[in-house]
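Here we start with a single chain on its own, the form predicted on its own, put down as structure tokens.
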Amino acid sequence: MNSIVNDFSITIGTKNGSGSSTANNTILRAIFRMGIPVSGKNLFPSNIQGLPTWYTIRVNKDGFVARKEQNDIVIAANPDSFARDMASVVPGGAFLYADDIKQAVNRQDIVSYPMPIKSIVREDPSVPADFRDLVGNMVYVGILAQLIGIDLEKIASALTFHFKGKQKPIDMNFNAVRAGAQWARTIEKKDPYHLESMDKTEGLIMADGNTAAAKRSIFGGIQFAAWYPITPASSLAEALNDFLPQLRGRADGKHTYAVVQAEDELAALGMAVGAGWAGLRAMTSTSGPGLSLMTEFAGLAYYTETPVVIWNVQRIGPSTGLPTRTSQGDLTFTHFIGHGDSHSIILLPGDINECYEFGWRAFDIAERVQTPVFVLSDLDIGMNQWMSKPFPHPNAPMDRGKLLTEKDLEQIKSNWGRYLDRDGDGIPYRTIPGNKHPASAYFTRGSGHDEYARYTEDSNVYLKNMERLRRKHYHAKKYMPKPVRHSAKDASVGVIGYGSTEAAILEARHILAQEVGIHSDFLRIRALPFTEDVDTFLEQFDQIFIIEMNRDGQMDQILKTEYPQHAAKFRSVAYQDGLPASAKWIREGILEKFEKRKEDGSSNKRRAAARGERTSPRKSSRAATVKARGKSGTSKRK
């Protein structure tokens, strides 16, 4: 039996509400502390408790941390999902199950390990009877640790972190881990999976995107947040409540912030818009259904040019949809949000470090451009644990944009107008309440208004104002974060993605290059409106694959609207089943849409010119024999 070292997946099947989260995160953190690249993804139901839930850990020595569709090691602790869990194990894989589940193990092509979890826990008199089920989860942690080589000291360190140094729960749980490991030493190991310590996580941290966004929003100067609970965005506002008292504490006990739980999402954004109008750095957080309710106030903020930040941690829709599954399904809705003609500024973080970055950057852009800024994260980034470089401390001043003080107004010789474009960039100057200059006041309205905020229904004035708003939007490109580009030698096709799909796209590109000979350049878009880097990328390739987690190819739709001259090049690889993107479906999706074309040198010349290189004849590609690999019939990918 050949050993498989630091390259496999572990899936744990339990019941929602069974307390397995602590055990699963302990495994994840212990492996991370062993220096091995790792990621963890929680697949949980939307009910309170009782239904099956799964936690998947990906271990990969090369640093690929996207979801792996293959289940190598499966731990089954839930009788309701036992048959499904057993069927999911790859041939040759390992199946660990609680021996009190009296169901037949009828597969001969896997290695099975019955675990006496309940009897091991009962043997420890220090565990209260009502804690046995919770502590029992730690028994499978110990058994797994012994079988695959997780360092028990790293497990102890992970438990200390989780319980914040409280010795009693640390000892009770670690005793169960040691008991499980001790039992596992008595059985024969027959599976091929092993862990060996590495140094590839040195200097890295683990965190989730919602916590990262909350922390940087605080450093970015947040003064007001209003929210209404909704999965998967609630933990962002909860993190604000946790960290604001720590990071904004004053000796006199007074607060320099306010966090309000509103009666619904519409009220939450209404409060945030009011706070933004008053000059506070204001935000709200929500998910798709909540954003739908916020639409009216989003339009008000756009038309009155009020800065506000809206975090949308996406989940599957429409309607209630699948509340605990991830998605990129709100892009077109956000892009065209509201009735009438409007444009949205959208930031698209691709990892938790960018959730942190956009926590402050969204405020700067909102105030600079005087408009709502939407940050589209998703459940996978927002709620799951990811490796990251440590978050940098803020070192740049806040950009409050064209904000006039009393002194500024005193120096303006001509009459000041709230919606007067003095610079030609479409962005007017603004004042906020508290400015004592007699000329600072203006009347804010969501109805027709002229350059001086006076009510009017004059058609020409309305047209002029709307043209200025459009000019402002496209001028805002200069403030948008630029895309991230990953280039490859001899790239023949382009790949575009955004958000949390990056990890899977990078792995799929590697597989396609190694196995099929398709080399690609990858552009990860980080914002709308698109910057000039997107224009340049689109010029360079004859085939461009647009990867996204939704059914209809929403980024593909927007790109076709913005760049109709390139529409024939686009190949939409859109797929949504609620699970995080995997390299497998991206690879298959690209192969289904890939067209082998005869090289005439024109594409080479365009790409070489853009890179400042000399052209040379391209070697023939092994992709000539590539055919669609999907099943016959209608493809799920669009």
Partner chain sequence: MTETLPMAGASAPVNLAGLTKNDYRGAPSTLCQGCGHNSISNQIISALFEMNVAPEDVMKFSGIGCSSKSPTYFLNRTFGFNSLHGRMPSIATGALFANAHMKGIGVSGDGDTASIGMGQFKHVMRRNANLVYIIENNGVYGLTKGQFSATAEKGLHLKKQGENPYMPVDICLEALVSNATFVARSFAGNPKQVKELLKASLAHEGIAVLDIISPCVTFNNQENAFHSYAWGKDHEEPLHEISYIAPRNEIILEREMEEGEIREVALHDGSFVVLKNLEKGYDPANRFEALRIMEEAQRNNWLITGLIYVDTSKPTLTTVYNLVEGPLNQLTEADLRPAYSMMDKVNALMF
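What you are looking at is a predicted structure, and each value in this text was computed from that prediction instead of being measured. Numbering follows the first chain given and starts at 1.
Just so it is clear, the following notes concern the form predicted together with the partner chain, a form of the same protein that is not shown.
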Is it the case that Asp351, even though its partner is missing from this view, gets within 4.5 Å of the partner chain in the model of the complex, heavy atoms only? no
Look up in the model of the complex whether Ile544 has a non-hydrogen atom within 4.5 angstroms of the partner chain, and give yes or no. no
Is it the case that Gly92, even though its partner is missing from this view, gets within 4.5 Å of the partner chain in the model of the complex, heavy atoms only? no
Distance check, Ser18 to the partner chain in the model of the complex, heavy atom within 4.5 Å: yes
Contacting member of Pro481, Pro428, Gly270, Pro529, with respect to the partner chain in the model of the complex [4.5 Å, heavy atom]: Gly270
In the model of the complex, the residue from Arg185, Lys102, Lys489, Lys254 with a non-hydrogen atom within 4.5 Å of the partner chain is Lys254
Please determine, with the chain shown alone, which of 141-149, 506-514, 93-101, 262-270 has non-hydrogen atoms within 4.5 Å of the partner chain in the model of the complex. 262-270
Can you confirm whether Pro79, Val534 and Ala583, the three residues that make up this candidate site, all sit within 4.5 Å of the partner chain in the model of the complex, judged by heavy atoms? no
When the partner chain is considered in the model of the complex, the residues of 263-299 having a heavy atom within 4.5 Å of it are Glu263, Asp264, Glu265, Leu266, Ala267, Gly270, Met271, Val273, Gly274, Ala275, Trp277, Ala278, Gly279, Leu280, Leu293, Glu296, Phe297
